[in-house]
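What follows is one chain in structure tokens, specifically the form predicted on its own.
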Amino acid sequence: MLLIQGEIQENRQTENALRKLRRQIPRTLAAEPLTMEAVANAADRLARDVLEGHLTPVAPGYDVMRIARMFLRENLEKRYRLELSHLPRENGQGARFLRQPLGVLLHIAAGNMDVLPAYSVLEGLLAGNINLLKLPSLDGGLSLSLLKRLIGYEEKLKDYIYVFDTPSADTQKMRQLMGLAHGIAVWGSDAAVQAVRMTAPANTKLIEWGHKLSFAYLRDPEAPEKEQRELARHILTTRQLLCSSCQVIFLNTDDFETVKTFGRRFAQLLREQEEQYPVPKPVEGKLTIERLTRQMEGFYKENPCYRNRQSSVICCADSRLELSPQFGNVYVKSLPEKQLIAALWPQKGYLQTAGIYPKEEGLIRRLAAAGVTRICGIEEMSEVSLPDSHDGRLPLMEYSRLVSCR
């Protein structure tokens, strides 16, 4: 389905929609600019709408509070001030600066977080851009519903929001969409980012929000059970599919017996909660095959696995940061603090969140020097901090440009 000028249309109308869009974009760019206040007011009404449960039939099970917090006016206003109020007004030599939107922003969204496609568009709107959204393949209708309601609260937004359900494999239409954009915000795997790099016009700005890896680091392996229980809940609720999801728990030790002792205890914490977060049957079958393959290859002889019905803790003899089997299956590894930067260096371009215990300034500085862009307590890895940077950058600034005027 498409969302064009505030109306839902069938996919067969894509070519016609693209033709109309080429004519409409110059008119919209020439009109009065979109204001942050108009966007924030509409988003705030949408947040209240979500809290009242009007969207539940569209996407049962999504995190209502997470969506509401991301769309509330007060949080959007904080973001706007944080990201754009610091920009220079003049250079002291007779020139002044105007902040302008990029113009047209194409969002190629990933499907690992229900609300991400719509929120990416909202960020583009806050910066004043016309937004084209290419839906992920498994969107399920939530993005379309959220954005249509947003337009319903502010009619002007119909000229700033266009949604396309174009498959990535349709390179002809993808090139047409990219050709309309001043900038492309691409979310997803290395393969997704690389595909856009190869296809996008040379003069189009790329804003890459690619694949990231996150982990927990326990300077003290005897972290309080309350914090460990929250870390286990984070692993189960996110299914380890988000950039901020914990893939590996590192312990500040070189003693493998300490790793195994911790692994056994943590497996129990996962077991106590796993029934609240069931794994889809197809995924369960895939995980079973992967476990059997590893067992046949002798992997578990050197890397003991403490397995529950769905979740597991795999104690590894190495200190690599890597993607876990996911869906409640986490690695535990030893990593003495003095070796931390050297161990993280191979993944330098992928580092995102580190959940730590205790929150000690020296450890924070060491992780920041290693390239980590978000540091929090192990019990806070699922928390959405608003406002915040994303992968060490400010999205609204990425979606803007400065004009120098004399």
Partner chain sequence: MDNRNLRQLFSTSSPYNIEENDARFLAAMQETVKQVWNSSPEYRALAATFSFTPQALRTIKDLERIPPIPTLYFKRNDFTLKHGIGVEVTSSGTSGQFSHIRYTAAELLMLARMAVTLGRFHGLFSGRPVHYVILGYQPSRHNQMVISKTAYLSTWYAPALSRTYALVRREGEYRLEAAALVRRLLRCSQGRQPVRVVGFPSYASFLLKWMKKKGKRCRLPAGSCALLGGGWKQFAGLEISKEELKELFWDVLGIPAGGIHEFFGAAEHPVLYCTCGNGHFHIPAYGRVLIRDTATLKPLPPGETGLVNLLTPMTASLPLMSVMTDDLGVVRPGETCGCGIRAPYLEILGRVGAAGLKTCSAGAQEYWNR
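Each form is matched to the other, and the largest set of C-alpha atoms that superpose within 1.5 Å is called the rigid core. This structure is a prediction, so every number in the text was calculated from the model and none was measured. Positions refer to the first chain, counted from 1.
Below: the form predicted in complex with its partner chain, not depicted.
Q: Can you confirm whether 247, 293 and 350, the three residues that make up this candidate site, all sit within 4.5 Å of its partner chain in the predicted complex, judged by heavy atoms?
A: Yes: each residue has a heavy atom within 4.5 Å of the partner.
Q: Though only this chain appears here, would residue 226 touch its partner chain in the predicted complex if you measure heavy atom gaps against 4.5 Å?
A: Residue-level check for residue 226: no, no contact with its partner chain.
Q: I'd like to know whether residue 257 contacts its partner chain in the predicted complex, with contact meaning heavy atoms within 4.5 angstroms.
A: Residue 257: no contact with its partner chain in the predicted complex.
Q: Could you tell me if residue 169 has a non-hydrogen atom within 4.5 Å of its partner chain in the predicted complex?
A: Residue 169 lies outside the contact set for its partner chain.
Q: Just to confirm, residue 128 within 4.5 Å of its partner chain in the predicted complex by heavy atoms?
A: Result no; residue 128 lies far from its partner chain in the predicted complex.
Q: Among 216-224, 317-325, 146-154, 266-274, which stretch has residues with heavy atoms no more than 4.5 Å from its partner chain in the predicted complex?
A: Looking at the partner contacts, the answer comes out as 317-325.
Q: Ok, 233, 211, 158, 173: which has a heavy atom sitting within 4.5 Å of its partner chain in the predicted complex?
A: Of 233, 211, 158, 173, the residue with a heavy atom within 4.5 Å of its partner chain in the predicted complex is 211.
Q: Can you work out which of 205, 99, 307, 73 has a heavy atom no more than 4.5 Å from its partner chain in the predicted complex?
A: Selected residue: 307.
Q: Going by its partner chain in the predicted complex, which residues of 116-141 come within 4.5 Å of it through any heavy atom?
A: Just 138.
Q: Can a Cα shift of no less than 2 Å be assigned to residue 129 between this form and the one not shown, given superposition on the rigid core?
A: Not so; residue 129 is displaced by less than 2 Å.
Q: So, superposing on the core, is the move of residue 120 at the CA at least 2 angstroms between this form and the one not shown?
A: False for residue 120: its C-alpha shift is below 2 Å.
Q: Quick one: core overlaid, is residue 175 moving 2 Å or more at the Cα between this form and the one not shown?
A: It does not reach a 2 Å shift.
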